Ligand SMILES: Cc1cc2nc3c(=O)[nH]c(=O)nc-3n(C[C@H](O)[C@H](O)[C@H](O)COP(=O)(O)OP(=O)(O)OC[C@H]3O[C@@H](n4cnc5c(N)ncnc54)[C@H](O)[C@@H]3O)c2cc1C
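In structure tokens, one chain follows: the form predicted alone.
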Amino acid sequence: MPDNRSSHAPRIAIVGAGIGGLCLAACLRRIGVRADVFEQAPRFARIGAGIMLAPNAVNILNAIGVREHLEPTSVTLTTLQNRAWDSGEPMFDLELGAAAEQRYGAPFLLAHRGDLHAALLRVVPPEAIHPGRELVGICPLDDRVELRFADGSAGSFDAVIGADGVHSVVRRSLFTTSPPSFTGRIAYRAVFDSALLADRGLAPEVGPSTKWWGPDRHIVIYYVSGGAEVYFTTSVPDDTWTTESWSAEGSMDELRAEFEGFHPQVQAVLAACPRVNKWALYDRDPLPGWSTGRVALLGDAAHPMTPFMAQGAATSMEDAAVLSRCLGEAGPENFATAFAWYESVRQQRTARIQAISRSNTWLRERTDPSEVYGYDAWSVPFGDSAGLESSLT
């Protein structure tokens, strides 16, 4: 590859201080590039949700110094269990633990999203993060990109990365996309004190992570916060609720009715849960391109996916690692080259994962997850070798 580096240090803006945006900022620091991260929220809150971090994600967290901050409050998953909804009969148990670390170079961790976010904040300088900056205007020019924010401030940057999630302002402003389609399904989620399970004598029985597969619905239950809290998320058919918001409150009575007849362990977890949130699940087709001029998309802004494969955050981290490598190799001001490499490496993989997640069949039957969990964002080829990555099966 040509060496196009110069002494000019580019000014890069990242829109969105979620998992993908902060991960990119940390990855860019590894190559000596500082990025300014702009977040519309005035402050960060510990959102009540769990997150599964497969080895492909943990390998990235390890490289940027996050794993050491996260592990004390996470749970190392030894077995990912899949059970029949009523009988509890095993469908497929994926053995992880030490075997996963030996095979993939990292463990499979279960964590609270708030703990992951806090760990990422520890490796990005506070002065690089700008909360309360809602993007309202973006103007790409030949030699820069100008940003305008709701508070009246503005900035000029050499490049902008839109990591602002499923409702991305950057994507909506610069890219032609089709509207999201409602799946006809909703998800309930909750995090609560695991002592509430212990009070019912269930703590030893509820496995570290179990997906209960019903005929037309499922529920995934696992521990977070070092085992101090339990998390669950569901998918159930419902064509009446169309609010795509993680903060909308749901009815526990309705939720318990949705899972009537499920295994007693599921019933007990739902009985112990004090409150729940729910949101409508929307699907979006892959974009034909993720960049235009000096602007590129990352994570959910580029490839939002249904949550049935637990790879949404992981793929955003992969994006961050690969994009930082492309920017470092292409050199300052060669954003078109860097973004072309980035797209050629990442689009095929994320589109395939979107499709697998949409089908909601991942790990229901015996599966070799190596092409997902064994992906190494730090060594996958790009440039002349880009696009040669094998397809997932």
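Bear in mind that the values here come from a model prediction, so they are computed numbers and not experimental data. In this text, residue numbers run from 1 along the sequence as written.
Separately, the form predicted in complex with this ligand exists; it is not shown, and the next lines address it.
Shown alone, this chain has one stretch from 50-58, 321-329, 349-357, 65-73 that lies within 4.5 Å of this ligand in the model of the complex by heavy atoms: 50-58. The putative spot formed by Leu135, Thr233 and Asp300 is fully lined by this ligand in the model of the complex; each residue has a non-hydrogen atom within 4.5 angstroms of it. Although the partner is absent here, Gly250 sits far enough away that none of its heavy atoms falls within 4.5 Å of this ligand in the model of the complex.
Contact check for Leu147: no non-hydrogen atom falls within 4.5 Å of this ligand in the model of the complex. Proximity of Val15 to this ligand in the model of the complex falls within the 4.5 Å heavy atom cutoff.
Looking at Phe38, you'd find a heavy atom of it within 4.5 angstroms of this ligand in the model of the complex.
Residue Tyr222 is the only one of Trp290, Trp212, Phe259, Tyr222 with a heavy atom lying within 4.5 Å of this ligand in the model of the complex. In terms of contact with this ligand in the model of the complex, the residue from Pro307, Pro286, Gly227, Gly105 that brings a heavy atom within 4.5 Å is Pro307.
Taking this ligand as positioned in the model of the complex, the only residue of 79-115 that brings a heavy atom within 4.5 Å of it is Arg113.
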